[in-house]
Each structure stands twice: as structure tokens, then as C-alpha cells.
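Heads up, the chain below is alone and in the form predicted alone; it's given as C-alpha cells.
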């Protein structure tokens, strides 16, 4: 069943925009101002038609208390923050919201955000992605990713996903599957790097009784298990050459043969591959079949490493806090500015997977309700020379650098002076009103820096 969506916004016209973009993906789209949101959520529950998703306007910036109240009044309703500009991720992080949609709205991104938010409630359509299958990010890269997923999901085109380990390649594959006509069929994962070479063929294709010494009965492989669904070949760059030829045949004819069998079998399956290797280099070195490379690289998708999208770190940190707080039984609901700055200062060679691990560790160590810098186990950041992205406008890059400096400077200034704005202004040689305006613009809460 399509979700019911509540638009909490200053302008009623936003409801019309959301309804038009979502179309049949929402059973109903209702608008209300922030002052009336609580009553509307309660009314929905009382009528037996609770809302599944709230699209919450980021202006004025909501506090974690406002978000928690909406979630409670809505019976666990999921919140998606609607924000514009480069500060979208930071606004969502400060509000304690794990999902954000950029304004102006993009059809594909809005549809995916609403679909995932609805899937995270017990009322959601079971065909939607699982609660853990969340693509989180902001900025141009995530918009492009959603657009490409929307392009390819409805087709049976073979997709090749490229990216470093830990960037979320399997999540992209699952999102494509869950958004495709095959969503009710199996999604089968084969990690080509984790299965020993002698066993990989048997795991993938299966065998018949008597095919080898221990083959006491027929065995269906994972390819047959994925029939009518999607087979995800993770780390295909590690696949042995002999097996590559057999996978090529599946792509060409949708046929395969079990080990020891005399007959071919047909299979209806979509194949998605992923790798952290440079397949062009492997082909040149003779370690990957060129014909297979051409077959799998029909629709390539590239995931950027986390170090190239540091603006996503705060959003991801808060997402993982929400993910693990119930599992750990801890009342942790926020992350201090110093802790966020510490996460942002590290380049995370293990990407999102490593960040998730470090947030999980910090939550285990944390003794209060807020993760502090001392709770984080990360190496000290090394000085690095970062190459500027010359494909982007000079003014945009310059403003990002200024914003990052101001955020770090103000955080440390308020920490040293325990949130006292007058003393901080004198130390910085600034007018108090100007300093206050900067603190407000960067969304810093002075109360977090005051002495207990």
C-alpha cells in the first residue's frame, strides 16, 4: 500500500508540488503548518489512518526535541527533512533526522526518500527496501545516483557498480532490485572474493548427484535460487578466469549447466556486478576477460569514496546513532560538535563501513546521552594536500572552504569560552552581534559548550 504523507511546511503550495511528483507512489498527501503538525498526526492515528512519512521543512531549523515529539505523536512516523543548499546535511544532523531531501525537489530522489522512509515502519509495503538498505547522502552525487537508478531499475540491463570497499555498492544493487519489476523475487548475493575458488563454481551453478566424491545428492546453486530475481556478483574482479567464461554464457544465452550434468538449464535472472578493482587494468593484464567486461559494463555506476563527500559524514553519524541506540539499549540521542568535527577530520579509508563501525564503538563507550570526542577511537588526522576540484566553480569551492574554517573556528572558540558569547567576541576581536550571526548561521548550540 502506498504511504500517507504529511507535508509540514510554511507554504501550502509545497503539498501540490510533492503530490504531483509522487503521483501514485503516495496514497494521500496532506499539508499542515508546523504548529498544527502534532494535532494532525494524532488525528490520523485516532482515525485509524496514521501517516507513514512526514516531510518537514528545514526553516526554521527544527530541534531534536521537535523531531522526537513529531515521531512520538505520529506513532513512530518517519521524518524526512526538506532543506536547500550545502548546509542540508548539517541541518539534518543537528535535528537528529537520518534522511534529507534537497530542495528544489527532484522526482527520483523524492520518490526514493519517501519509499525508504515508509519502508522503515511496520506499516510499510514489504516489497520496499529493508530498514538497513539506506542510501544516505546529499549534494550532486546522490541526485545523480538516484537519477541513474531510476533510469535503469525498470529495465533488465546489466549494471556494473564501481567503488572502493565500504562505499555501499551492495546497497545500490539492492535499491535497483527493490525498485524493479523483480522486487518480489529473490535478491541473491555471491561474494566472489569470500568463497574459495574450488567451491565458487559449485556455489554458483550447483551439481548433480555423483558429480564428484562428496556429491551424494543434487544441489541447486545460487544462480537457480535467483531465478526470476536478481543475482548480485560482488567483487567480480576476483572471479577465476575459467568461471568468467561460464558467467559470460549466462549473460549471453540465459543458460547454464550444473557440474556433472548432461543438459543445459534456462534461468531468468538479472545480473548486477560490483568491484573495487580497476577492470580496465585487469583486462590489460590478461586477468579478466574482455568479452565479459563488455557484457557487464553496459550501465556503469560509480560510487565516490567518503573522503570526497565529507559533507555526508554528519548525516551518516546521526543515522547510525538512530540505528544502534535501540539495539544497544542506550538513550544516546546526540553528538557533540567536537565529536562531529573529529569524525569529519578523518579520511576513513574504509569508507562508510568504517564510519559505521566507529560510531558503533563510540556508542558502546559513551556513558551519557551525547557522544563526545573522547568516546571516539580514531587515529589523529594527518596533514594532507587536497587537490581542488577544478570542474566546480571557484566561488563555490571558496565558499565551502570558508564555511568549513568558520565552523571549526567557532566550535573551538565557544568550547574555550564555555559558550560565553561576550568573552568569545572579545577574544576573536569581533562585534558581538556579528559573532552571534555567525554562530546562528552555522547552527551551533551555545548551551552544549557551557560548563555543567
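Computed from a predicted model, the values in this text were never measured in an experiment. Positions refer to the first chain, counted from 1.
Only in words, not in the display: the form predicted in complex with a small molecule, which the text now covers.
Think of it this way: in the predicted bound form, the small molecule has a heavy atom of just one of 205, 343, 112, 320 within 4.5 Å, and the residue is 320.
Distance criterion of 4.5 Å from any heavy atom to the small molecule in the predicted bound form singles out 165 from the list 165, 228, 370, 253.
The small molecule in the predicted bound form comes within 4.5 Å of no heavy atom belonging to residue 313.
Taking non-hydrogen atoms only, residue 169 approaches the small molecule to within 4.5 angstroms in the predicted bound form. Using a 4.5 angstroms limit between non-hydrogen atoms, residue 299 is distant from the small molecule in the predicted bound form. With a 4.5 Å cutoff on heavy atoms, residue 352 counts as touching the small molecule in the predicted bound form. For the candidate spot formed by 136, 141 and 235, every residue has a non-hydrogen atom within 4.5 angstroms of the small molecule in the predicted bound form. In short, of 286-294, 151-159, 265-273, 320-328 it is 320-328 that has heavy atoms within 4.5 Å of the small molecule in the predicted bound form.
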